[in-house]
Ligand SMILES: C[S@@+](CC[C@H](N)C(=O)[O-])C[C@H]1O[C@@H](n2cnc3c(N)ncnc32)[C@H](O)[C@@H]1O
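In structure tokens, one chain follows: the form predicted on its own.
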Amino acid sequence: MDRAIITTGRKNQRSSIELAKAMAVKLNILFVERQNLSISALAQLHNVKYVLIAKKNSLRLVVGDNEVFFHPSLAHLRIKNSLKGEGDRLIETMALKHGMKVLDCTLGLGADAIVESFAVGEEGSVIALEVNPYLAAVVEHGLQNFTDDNDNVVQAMRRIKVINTDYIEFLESAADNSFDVVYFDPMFRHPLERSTALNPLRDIADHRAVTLETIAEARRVARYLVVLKENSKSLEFKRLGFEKICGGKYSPIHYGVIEV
């Protein structure tokens, strides 16, 4: 993993300093005083790719010209619509019900994991994996501290357990049938360039293609379904053996489903 440092915003508030120092210990990285320097200047000075910023009880991750921070994004609207009785494609595809256990292998910015957590409720559980330790730290902190006017969204965020690990290693060590559904949302082989929300994530995310061996492990670990999210025109579904495809006729995103 490329090196990183952590600093604060320019206001250098005590709470920001305390958060930065705590995260420096947790991530085993260097805490650097801001000293009114730009983030790019700090990155160059310390010869690092990643710079974490502790600011107003939030964490941000800067890579080059891109800045990544946590926000529930469309998860808020999707949960609101679900409460009104409107369907959600992911919930329907994964056949999620209260009490189910979900393994989300690709946390990313966490929107899908929040919806999954809402769907399985207090009796269920969502374990979300993220291989990049700095992205995992930003999203985990956001899930535990972000406030929202919808209590259903807040509770769904708080229930998610984030683990910084490679999903391949996690699956290989997991017991048979230990989760009801195993979910993958990898970086698309053919990105949707119009998806500007994901642009800052492209320099940080895991770009490895899902392998047949990984799907085999997922089938062993899943009790009911293995689900893959991809570009609707992707050839990954066929390559990986997903014969059941779910998605709207004009939707740019489809889900492949393997029933086990």
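Quick caveat, the model's predicted, so the values are computed rather than measured. Note that residue numbering begins at 1 and tracks the sequence as displayed.
Just so you know, the form predicted in complex with the ligand exists too; it's not on screen, but the next bit is about it.
Enquirer: With the partner removed from view, which of 80-88, 163-171, 140-148, 93-101 is the stretch that lies within 4.5 Å of the ligand in the predicted complex, judged by heavy atom distances?
Expert: That would be 163-171.
Enquirer: From the list Lys56, Lys26, Lys233, Arg208, which entry has a heavy atom within 4.5 Å of the ligand in the predicted complex?
Expert: Among Lys56, Lys26, Lys233, Arg208, a heavy atom within 4.5 Å of the ligand in the predicted complex occurs only for Arg208.
Enquirer: Though the ligand is not shown, can you say which of Val181, Leu109, Met157, Val120 has a heavy atom within 4.5 Å of it in the predicted complex?
Expert: In short, Leu109.
Enquirer: Is the gap between Leu201 and the ligand in the predicted complex 4.5 Å or less for some heavy atom pair?
Expert: Leu201: yes, in contact with the ligand in the predicted complex.
Enquirer: Should Ile127 be counted as a contact of the ligand in the predicted complex, where contact means heavy atoms within 4.5 Å?
Expert: No, no contact at 4.5 Å.
Enquirer: Are any of the heavy atoms in Val153 no more than 4.5 Å from a heavy atom of the ligand in the predicted complex?
Expert: It does not: once the ligand is placed as it appears in the predicted complex, Val153 has no heavy atom within 4.5 Å of it.
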